[in-house]
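Below sits a lone chain in structure tokens, taken as the form predicted on its own.
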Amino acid sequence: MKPNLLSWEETLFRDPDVFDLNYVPEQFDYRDEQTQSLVFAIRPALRGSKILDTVCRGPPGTGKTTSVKKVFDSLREATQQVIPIHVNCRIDASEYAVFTRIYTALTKRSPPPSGTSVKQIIDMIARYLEQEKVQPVVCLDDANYLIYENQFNKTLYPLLRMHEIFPSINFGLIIIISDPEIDLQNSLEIRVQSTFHPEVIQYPPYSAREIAGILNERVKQGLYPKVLGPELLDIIIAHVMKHGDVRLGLDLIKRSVLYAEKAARTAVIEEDIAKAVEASRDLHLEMLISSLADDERLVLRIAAELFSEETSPTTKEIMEALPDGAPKLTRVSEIFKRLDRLRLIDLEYSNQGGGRRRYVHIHEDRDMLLAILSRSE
């Protein structure tokens, strides 16, 4: 009898890269309007003029980064006089880090030596641009991290004003914001507001039909036929719709197929998807925690350390346990509200025992939460 087993060198993936979160697909559907708006904003650069500064807004996993990368690829093919630069502000979350990234992307050189001031790096960038006679277009991706760290205005101001000192230089700016709760206008200082008047492109969550179309296309590209049947893909789509993040679907497909490979099967079964869904809870939580500012992670960690099945700490107890240099009362109150909205904690009000108290319950598994927090520090 012929065994129906995968040998060690066989795989169910036609192209596993298709399911990586940073993969830029050749076929990019359901964002034609947004992509064309980006093209319209950038097109003046092809005529030697400044682009229209642009803000791309929408929840995570709605195609913002992919559409910018697609337009940047087209820009590289169209001209060598305009240099697109993508800065991931999750990684480069300070003024110094952003300008260092811009410098290395432009010059293809090593970062400036430690001790080099931001002003010196900006001067080095300006001299390079004047010498090479090229125009930069900078995308600050996940710029909400700069806002969390109070670095946004410090970073924007010199980019917007550089032409006043170096008239031949005009930075084009594309800002991606993935936190729908950020009021961008109120985040801007007056000195930045006076020169920053961006076009705003909205990226709404994908519909169930659109998510199905995206995941179906990735399955065709990335898997061999009959590895993942349509009825099983429907299960994955239903799970993704609970969170509205198409990246979760890509992770679930990849994990499900890996579980099938591990069991030496030639097709995914429902049990593989169930395992992938359980494992994806960690991914979703990691993505959520990675979106927090440093002071928000600090408050969450203290809350988790004080929480147990028998005892829920009060907000006052958590604030008293914060280390020296921790955020002030007003900021901590804002943090509690945000963590509650993100369903990382549950706030419960009580008038028992005299006085009104707020108790903090940890919404996720405490040990898993602390493990992810420790990895993010």
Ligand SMILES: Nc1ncnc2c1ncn2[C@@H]1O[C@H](COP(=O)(O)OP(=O)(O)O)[C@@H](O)[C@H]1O
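For every residue, the number given is its place in the sequence shown, counted from 1. In this text, all values refer to a predicted model and were calculated from it rather than measured experimentally.
Although not depicted, the form predicted in complex with the named molecule is the subject of the following passage.
*Asks:* At 4.5 angstroms, heavy atoms only, are D20, Q27 and R247 all close to the named molecule in the predicted complex?
*Replies:* The answer is yes: all three residues contact the partner (heavy atom, 4.5 Å cut-off).
*Asks:* Quick one: is R218 in contact with the named molecule in the predicted complex, heavy atoms, 4.5 Å cut-off?
*Replies:* Output for R218 is yes: heavy atoms within 4.5 Å of the named molecule.
*Asks:* Hey, in the predicted complex, does Y206 get a heavy atom within 4.5 angstroms of the named molecule?
*Replies:* Contact with the named molecule, yes.
*Asks:* Please check if P60 has a heavy atom lying within 4.5 Å of any heavy atom of the named molecule in the predicted complex.
*Replies:* Heavy-atom contact with the named molecule at 4.5 Å: present for P60.
*Asks:* At the 4.5 Å heavy atom threshold, is T66 in contact with the named molecule in the predicted complex?
*Replies:* Within the cut-off, so yes.
*Asks:* Which one, 336-344, 306-314, 52-60, 320-328, holds residues whose non-hydrogen atoms are within 4.5 Å of the named molecule in the predicted complex?
*Replies:* This holds for exactly one stretch, 52-60.
*Asks:* Consider the chain as shown here, without its partner, and state which of I214, V138, L146, I125 has a heavy atom within 4.5 Å of the named molecule in the predicted complex.
*Replies:* Checking each option against the named molecule in the predicted complex, the one that comes within 4.5 Å is I214.
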